[in-house]
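Shown next are two forms of a single protein chain, provided one at a time as C-alpha cells under the names structure 1 and structure 2.
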Structure 1
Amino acid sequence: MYIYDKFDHTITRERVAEFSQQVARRLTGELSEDQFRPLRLMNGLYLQLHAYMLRVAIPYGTLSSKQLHMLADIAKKYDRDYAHFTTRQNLQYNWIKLDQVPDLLADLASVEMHANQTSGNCIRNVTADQFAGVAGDEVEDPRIISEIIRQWSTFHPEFLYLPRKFKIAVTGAPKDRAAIQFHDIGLQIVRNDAGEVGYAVYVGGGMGRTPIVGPLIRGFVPKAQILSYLEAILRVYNRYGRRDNIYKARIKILVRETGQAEFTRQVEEEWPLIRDTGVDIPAGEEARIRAFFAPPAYETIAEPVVAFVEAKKKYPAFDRWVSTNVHPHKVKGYGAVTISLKPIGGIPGDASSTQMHAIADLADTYSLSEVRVTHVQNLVLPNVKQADLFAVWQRLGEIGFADANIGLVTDIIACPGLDYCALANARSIPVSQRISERFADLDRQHTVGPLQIKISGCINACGHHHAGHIGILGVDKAGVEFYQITLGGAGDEKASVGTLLGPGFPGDQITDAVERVVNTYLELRSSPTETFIEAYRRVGAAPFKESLYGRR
C-alpha cells in the first residue's frame, strides 16, 4: 500500500497545526460558529444532532493493520468505543468533543491518516473496488490511479471551492464493484482495440433528490493523459456549475441541463488547452506509485487444500460462510474474505474498538497486514490462504462478525438517520434492525438469494436507497416518520435508479411491507436461480404494487 512521502507528511502535519489554532480560537469565542463552520468542514468535522462528527478519509478503502489499530484506539479514547464505516469507504466518529479534535487528528497523522477534504465543496475521498489488486477479472489495479488522483486533487488550488462537493470512483474490472455511474466522475479501466490500457469516463452521476445514472462521455482516454482530461471536466464544471442554488449545484445537473453531447463538446474543447501544460503525471512518477501496489510475496499453494476441503465437509455453517463471504482470488490457494458488519439486529457498519483490534490482529496473522473497507459498510481481508479460512471464521464468530450474509437480505446499508444526523427526516437504523431480525433465519436468507436493501433517512440518500434492489426512504409527514419503497435500483455495471412504488408506510408497517415484496418475488420468480433484480426487470413493478396496495 502507499506510504507517505515528505510532502504528505508535511501537508498533514501543517494542516493539524493550522486547525489546532482554529479550534482554540473557536473555544475562546474569537471565532463564531458561522466563522468556524467552513474551517471545520475543510477538516471533515460536522456538527450533528448531539455532538461533533469527524469523518476520516480511507483512500480507496485501503487500511494497514497498524492504521486499523489506531482507529480502534481513537474510538475508545475520543468516542464511545465504536466507529462507523460508511458507504464511501470512510470512517466516522459520532461523539467527538471539540477540544479533543486536534489531539485526535495528531493521532491520525501518526499513522498516515487524516480528515482532509472529507467535507466541503472539493474533491472528496477517491473510492475504488474493495477487491482491487486481488480480483482475477480486473484489467489493472485501480488503486494506482486512485492514489495518483488523490495526490493531484489534494489542495488543488482550482478545485478547493467548487460549486458543490465532488466524488470520483474507479473500477478496474468490467464488473463494477465501485458504483462508478453514481459518481460525479466514474472511471473504468479498459483496453482499446490495440490492447492499450486507458479509461472509460462517466460524468454526472449521483443520488440525492435528483438521482441520475452518469452517462459515458468518452470511451477511451489514454493512461498518460487522464489527469488532463479530469482537469478539463472540472474546469468546465467550475466555470458553468450553478453556485446560486445548492440543489442544482452538482455536476449531474450541469450535464443534464447542458446535454450530454454539448457537455462532452465543451470538455473536448478544453482538453487540448491543458494537455501540454505539465498536468499529466510523468511516467517515472506513475512507476514509483505503481511500486507501492506491487503484489505481495504469495506462497505457492498446491491444489486442493485438503484441510480447507475437509473443514467445509465437517462444518456446514463454515461451508455456507465460504459460499457467501469469500471472494475468488487471482492467486490459487487464496481468498478475499468479506467480514459482515451486519450481525442480526446490529447497526450496519458499526464496530467496537475491541472488534476493530481483533480484525487488525487477523489481518496481521492471516492477510499480510491489510484490510479493505467496502461500499456497503463491510470490511475485507484481501489475502487469506484457504488453509487459514477456518481459523478466520472461528475468530470472527468470537467477535460477532461471522454472519454468512454478504449480498443477502440482511446485508443492509443504512445511513445514521435521525439518530445522529441533523439533516435526516426519519430513522434508518431501527428500520434496518427490524428487517434483519425479521429475516434472521439463515436458511430463509439463502432461499431468497442475492438482494440488496438500502435505507436513507432523508432525500440526500447517504444510504444509497436509489441504487437498492429494494430502496427505503424515510420522510416526514406532519411530524410522523413514513417510509417510501423503491424497487429495481442497482449500483453495478447495469446501474439503474429504483422506481417509487407508491405512498409511504408508517414505521410500524415498513417491515411487513418489505416482507410482502420479498414474498411476492419468491412467488413470481421463474426459477430458484432467478435473482430479485432479474425477476423485477422481467415482470416490472405491477405485481409488487398490487401486493402492497391492492388493485387500483
Structure 2
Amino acid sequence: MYIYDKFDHTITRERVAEFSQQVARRLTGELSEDQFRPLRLMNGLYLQLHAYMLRVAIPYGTLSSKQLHMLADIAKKYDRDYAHFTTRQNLQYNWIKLDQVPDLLADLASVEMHANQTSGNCIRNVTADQFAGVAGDEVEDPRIISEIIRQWSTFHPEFLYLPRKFKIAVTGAPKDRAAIQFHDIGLQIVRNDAGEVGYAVYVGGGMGRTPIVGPLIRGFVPKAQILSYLEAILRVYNRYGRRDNIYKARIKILVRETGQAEFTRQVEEEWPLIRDTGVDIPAGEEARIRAFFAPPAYETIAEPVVAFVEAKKKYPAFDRWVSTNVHPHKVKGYGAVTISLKPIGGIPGDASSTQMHAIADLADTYSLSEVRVTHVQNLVLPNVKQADLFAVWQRLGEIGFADANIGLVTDIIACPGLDYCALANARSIPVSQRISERFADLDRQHTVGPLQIKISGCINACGHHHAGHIGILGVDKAGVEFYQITLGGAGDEKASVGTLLGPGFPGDQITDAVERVVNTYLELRSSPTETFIEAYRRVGAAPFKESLYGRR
C-alpha cells in the first residue's frame, strides 16, 4: 500500500486547517451558502434530505486494516454506528453535523485519509480494479498510476472548477473490472508492439440521462507522458465544455457535439505543447510509488491445498461460497475473497462499525492487513491463503456477511434513492430489498447464474442502471413512484447501455416484473451455461417484452 511521506502529511494537514476555517467562516456568515457550497462539495460534504452526508475518499478502493478500524470508529463517534460503501469505492456517512467535520477530518488524516474532491465539479477519486495486484491477467498493477493521478489531481489549480464532475477509472487487465468505458476518462494499461507499458485512453463515457460508452481516442500513450496527456484532455474540456446547461456539461457531450475526431485533434494539438513543461513526473518518482505496490512476501504453497479441498467436500455451503466469492489469485495457494455486503433483505453497501471492525480483524489475521472496496459495493480480502478460507467464511457467517451471492441476482447495486437523496424521484433501497428477498433461495440464485441488477432512484444513474444486465430506474409519475426496466447493459470490456423495455411498473409490481424477466430467461436459455447477458444478446428484447406486456 502507498504510505504517506512528509509531503503528503503536510498537504493533508494543511487541507484540514483550510477546510476548518472555511467552515468557521460559513458559521460567521462571511461566506454565503452559495459561496460555501462548492467548497464543501470539494470536501465531499452534501446537504441531504435529513442531514449532512460526508463522502470519504478511498483512493482506488484500497484500505489498510488500520484505516478500516478508523472508519468504523468514526461511524460510532459521529454517525449512527454504520457507514455506506459506494459504487465509486468511497464511503459515506449519512448523519453528520457541520461543526464536527473538522474533527472528523483530523481523525481521517491521522490514518492518511481525506475527503478531498469526492464531490464537486473537479477531478474525483480515481477508481480501479478491486483485484489490482492479485489478478493473474493484469499487465501492470493499476494502483501505481492511480496513486500518481491522485496526487496530480489533488488541488490541481487549473481544474477545480470544471464544467461538471470528472471521473477517471483504470484497469490493469484486458478484463475490465472497473467499467472504464463509463467514465469521463478510462485508462487501460496495455503493452505496445515494442513491449513497453503504456495506456489506451477512452474519453467521454458516462451514465446519467445521456448514457454513452466512451470511445477510444488513443491506443497508446507512453507511461512517462500520461499526465501531460490527461492535462491536455482536461484543458480542452475546461475551456470548451458547456457551462450553460448542467445536463450538457459533462465531457461526453463535448466529445459528441465537437465530434470525436475533432475533439481528439484538439487534444493531440495541445499535448505536445505541454509535454515538456514539467507536468510529467520524473522517472524516479514513478519508481518510488511503484515500490509501495511491490508484491508482499507470499508463502510458497503447493496446490491442491488438502485442508481446503476437504472442507469444500465436507461443507457444500462453503463450496458454493468459494465458487462465487473467491477469485483466483496469481499466487498458488491463495485466493481473493469478496465479502458480500448484500445479505438478503439488507441495504446494499451498508456495514455497521462492529462489522467493519470484524472485517479489519480478518484482514489482519488472514489477508496481510489489506482490504479493497469494489464498485459493486462489496469488500475484498485480497490475499487469503486457501487453507484459511474456511475460517474466514465461518467468521463472516457470524457477522452476517457470508452470502454466496457475488455476481448473482441478489448482488444488487442500489443508489441511496429517496430514503436519503435530495434529487431522488423514487426509493431504491426498498426495491432492492424486496427483490433480494424474492430470490432469497440460494439454490435458485445459483441456477439463475451470473446476473447484475442495478437500481437508480433518478436519471442521474448513481446506481448505474444503464450498465445493469437488468437496470431499474425510479421515475415520478404524477407524484407516484414508478420503475422502468432496461435490459442488456454491461459495464465490462463489452460495455453496452441497456435498452428500455416499456412503460414503468408501480412499486408493488416491480418485483414480480423482475421475476418474470428472470423466468423468461430460464425458459429460453440454450443451456444452463448460457448466462443471462449472453442469452439476451442472442435473442434481443422481444421475448422479455412479451412476457411483461403481452403480445402486441
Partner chain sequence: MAVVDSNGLIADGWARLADDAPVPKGGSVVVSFARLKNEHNSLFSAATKVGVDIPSDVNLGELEPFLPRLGVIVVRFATMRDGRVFSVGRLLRERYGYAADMRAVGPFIPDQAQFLLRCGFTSFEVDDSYPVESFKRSARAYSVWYQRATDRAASVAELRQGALDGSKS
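Note that the coordinates shown come from a computational prediction; the quantities given were computed from them, not determined experimentally. Residue numbering: sequential along structure 1, first residue numbered 1. Between two forms, the rigid core is the largest collection of C-alphas that superpose within 1.5 Å.
Only structure 2 is derived from the form predicted in complex with the partner chain. Put the two forms on the same core and the Cα of A542 is off by less than 2 Å between the two structures.
With the core held fixed between the two structures, R26 has its Cα displaced by at least 2 Å.
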